[in-house]
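Just the one chain here, the form predicted on its own, laid out as structure tokens.
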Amino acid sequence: MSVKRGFDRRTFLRGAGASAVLGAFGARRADALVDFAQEHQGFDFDEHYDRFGTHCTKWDGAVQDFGSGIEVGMGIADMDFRVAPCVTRALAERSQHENWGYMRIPDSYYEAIVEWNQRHYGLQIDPDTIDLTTGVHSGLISALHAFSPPGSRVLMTTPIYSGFYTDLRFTRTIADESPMHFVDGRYEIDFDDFERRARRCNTMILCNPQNPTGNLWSPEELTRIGEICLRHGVIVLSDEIHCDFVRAGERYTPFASLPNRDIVDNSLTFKAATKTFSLSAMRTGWFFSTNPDLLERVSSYSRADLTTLGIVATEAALREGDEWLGQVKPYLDENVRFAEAYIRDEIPLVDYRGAPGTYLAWLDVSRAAERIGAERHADDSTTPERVVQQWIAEHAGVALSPGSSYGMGGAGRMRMNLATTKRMLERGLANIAEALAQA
């Protein structure tokens, strides 16, 4: 549901300083930011933060699925670090107000979204074009309801994030998969196949940066996608939730930043801070578009039942989380380099080359699958990749995600989450190395 705001917020912003848009708790938030800068010179991402016993999907869920032998959860895409201190402090502060009645979402929340995108990516977003949602999935589902009737096709370049298939099942739409080619260590779109499929689709789900491959799409690639979709009346739904995780020296291009206004007007962008700051449980997200007609049609299917704590945590992260993110990103870059070197030197049955985006490793386990006889053990109810997943869980105590769940192009692949401590990363890799050496 769109939240209507009764004043010209662009005019207000032009005449107001940052402190004027902080909302009901703004003054204390500003004081907290000063305290934060004084108190925190660095964050300890090497600290082992035990998540077992917290009903955590990544760890407790893995034990439930594979048994108590799980030592390292490396499946679900969230991070194993303590949350940014600004988030904990904001939640504690709000909890001191011991009343949980209806909340009116403050205008400062929208401005935090605008300012984050401007500060980090130079992306100008009109705050009146932002609609809130309970996560990116909810926004995508609303868009599919708006533009893709049940039984219609949705274009996707695969392999692609497994959760999109769940969204399609919920909306009773059909995946039209355009398999990418793996060329010199990078996935490339087969644009001839892509355009052939576009002719019969109403929408395209774009993953930018791409999960699970870690691709960062160039402006030229995004423009070509946009031209084809515009030519055939396919609305681009761009999921950019991983955009804040780009390796040093690389660049993420927001779809909405493309210079061709017709292409941008044929799209909606879906984002959240939940991936960036591990706030998935807070259930917040947003979408925006330069096309008011598209925005209105999606908004008519969207209802954002947001929680007070979700709003508080997200605004704190967007306003005060830059330093924390600025330190976690090089830590994750080092994890990528370590995983590359370790797998190359110690796990000869697995191939991996670090990608420029996300904190996810897309592993080629085809030789490992052959070694353990995964093909022989697969049947109508399971894929060879799920056999590999089960085998690694049982023999190495490591939970990974099977490539077959990411659509066409996922055969012989596994996805590994590298967003953990170096000690846990080394332990997981060592366990896999030892298990495969004995296979």
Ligand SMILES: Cc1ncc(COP(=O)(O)O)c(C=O)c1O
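Heads up: residue numbers just count along the shown sequence, starting at 1. Quick caveat: nothing in here was measured; it's all calculated off a predicted structure.
Another form exists, predicted together with this ligand; not displayed. Remarks below refer to it.
Asks: For the interface check, one of 270 to 278, 297 to 305, 190 to 198, 317 to 325 should have non-hydrogen atoms within 4.5 Å of this ligand in the predicted bound form; which one?
Replies: In short, 270 to 278.
Asks: Can you tell me if residue 145 lies within 4.5 angstroms of this ligand in the predicted bound form, counting non-hydrogen atoms only?
Replies: Contact check for residue 145: no, nothing within 4.5 Å of this ligand in the predicted bound form.
Asks: Under a 4.5 Å heavy atom criterion, is residue 164 part of the interface with this ligand in the predicted bound form?
Replies: Yes, contact at 4.5 Å.
Asks: I'd like to check something about residue 283: if you look in the predicted bound form, is any of its heavy atoms closer than or equal to 4.5 Å to a heavy atom of this ligand?
Replies: So residue 283 counts as contacting this ligand.
Asks: Just checking whether residue 242 would be counted as a contact of this ligand in the predicted bound form - the rule being heavy atoms within 4.5 angstroms.
Replies: Within the cut-off, so yes.
Asks: Just to confirm, with a 4.5 Å cut-off on non-hydrogen atoms, which of 77, 216, 222, 256 contacts this ligand in the predicted bound form?
Replies: When this ligand is considered in the predicted bound form, the option within 4.5 Å is 77.
Asks: Can you work out which of 130, 312, 136, 228 has a heavy atom no more than 4.5 Å from this ligand in the predicted bound form?
Replies: Looking at 130, 312, 136, 228 one by one, just 136 meets the 4.5 Å heavy-atom criterion.
Asks: Taking this ligand as it sits in the predicted bound form, which residues of 218 to 234 have a non-hydrogen atom within 4.5 Å of it? Please list them.
Replies: Counting only heavy atoms within 4.5 Å of this ligand in the predicted bound form, no residue of 218 to 234 makes contact.
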